[in-house]
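The form predicted alone is given below as one chain in structure tokens.
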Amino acid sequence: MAVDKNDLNNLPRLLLPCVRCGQCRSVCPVFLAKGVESDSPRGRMTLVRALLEGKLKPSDLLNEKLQQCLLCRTCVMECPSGVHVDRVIIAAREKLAEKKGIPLKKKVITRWLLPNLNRLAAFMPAAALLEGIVAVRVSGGYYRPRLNLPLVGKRLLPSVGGKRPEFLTSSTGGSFSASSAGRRVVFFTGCMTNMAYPRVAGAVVEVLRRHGVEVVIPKELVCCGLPMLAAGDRESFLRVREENIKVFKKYPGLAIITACASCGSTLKEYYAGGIEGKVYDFTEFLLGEVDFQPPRGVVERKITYHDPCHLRKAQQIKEQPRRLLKSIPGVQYQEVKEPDRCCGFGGTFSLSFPDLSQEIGITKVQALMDTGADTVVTACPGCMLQLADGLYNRQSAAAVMHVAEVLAAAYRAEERQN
């Protein structure tokens, strides 16, 4: 999808295929939680159509209805008419933003916080100290707030005080050579991996290097821009997109690797035409672009896997993570019921509607617990945080890991066994 093809101007055309059959209602996680027609994809399409026809005025209630969409694309996969509901919603939010502005909470996130994360990294030691005061450390390395905090309430927080990989704190970024000559790639870490899950970034680098891949992590890369797009803030999105493209152009032709489903789908869809290198999810690259060597180290875990929406539905990647996990000796793999059911995170959705986000997540978490797995694996840091919070709230001791972390653990076990 070319970014200059502004869906805002094409809203009537995007809405046209919707015949209001309502099949989308059977899968929409928000509708299943609330049971309200105006909170279903069909209901939102009707609201957007009424807005365009002037039958409905921009209002806070309308904005809330449109904001209460996870952009998970479950309805897009289900729609027999091929309506791109996610694109309609993003364009409609942009239209509302023109009329009423960006909500303050989202403005703080999209225009101040996310574009400046690199600069804020210098304050992480202070943030870690503060986190230890306002929150209690719990299992899995997370922190539970003692009181309702701005934006996050009492949701679990990732540790911000862990030992960060050198490349995440250096001033210029880093390049990690491989043990043997091979491919060279750019690793787009993304905000969540960079700031909340540096351990995942370290695992990705470790696994790629073991396959002869030199990994470059430019320090100048910023947020992929999805939160800005989702807020209807196209101006901010275009600004961060341009910043990232300038960095990518310093590495012409190099493949771009992500370990975040949302970053990956955004780069693939909205950076088209602006970058030369092909974008890959970590699992996709490992099985499709290098000679993958299954680890021989044993990892004794009973594992189940959660499909991130932006990986399975936006990028059609579902088999690769499973194949990688099943290649590890000692892993007992147990498929979960409805593996592609949304966890309810939705990026800034979880900040704007924390109660609804957690309610949607309950169904998913219960299904994961029903597998009896001691480890829940996924391929998106946002899903990791949501699932960890849900499992903790239901007194589950199951660990939450990224695919790369499990692989890295297996390779380390192989070294110890040798």
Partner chain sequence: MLAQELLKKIQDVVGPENCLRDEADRFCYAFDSSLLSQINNWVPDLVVRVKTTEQVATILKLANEYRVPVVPRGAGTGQCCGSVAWRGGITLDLSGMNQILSFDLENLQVVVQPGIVHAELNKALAPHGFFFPPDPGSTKMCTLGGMVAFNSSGQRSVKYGTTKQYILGLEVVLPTGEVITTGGAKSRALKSVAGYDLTGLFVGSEGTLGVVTRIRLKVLPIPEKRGLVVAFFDELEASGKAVVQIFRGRLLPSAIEIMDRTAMKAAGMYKPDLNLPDAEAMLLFEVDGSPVDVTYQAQKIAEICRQFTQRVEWTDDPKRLGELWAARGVVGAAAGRVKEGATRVYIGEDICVPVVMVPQALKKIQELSVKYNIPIVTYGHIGDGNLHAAPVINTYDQEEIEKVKKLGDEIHRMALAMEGTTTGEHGVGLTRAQYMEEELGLSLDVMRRIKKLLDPNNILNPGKMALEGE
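Residue numbers count along the first chain shown, from 1. All figures in this text were calculated on a predicted structure; none of them were measured in a lab.
Heads up, the form predicted in complex with its partner chain isn't pictured, but that's what we're talking about next.
Three-residue candidate spot 16, 61 and 65; every residue lies within 4.5 angstroms of its partner chain in the predicted complex by at least one non-hydrogen atom. Residue contact check for residue 397: none of its heavy atoms lie within 4.5 Å of its partner chain in the predicted complex. At the 4.5 Å threshold, heavy atoms of residue 243 stay clear of its partner chain in the predicted complex, well away from it. Its partner chain in the predicted complex comes within 4.5 Å of a heavy atom belonging to residue 47. In the predicted complex, no heavy atom of residue 372 sits within 4.5 Å of its partner chain. Exactly one of the stretches 185 to 193, 288 to 296, 81 to 89, 266 to 274 approaches its partner chain in the predicted complex with heavy atoms within 4.5 Å, and it is 81 to 89. Between its partner chain and the residues 393, 38, 358, 363, the one pair within 4.5 Å by heavy atoms in the predicted complex involves 38.
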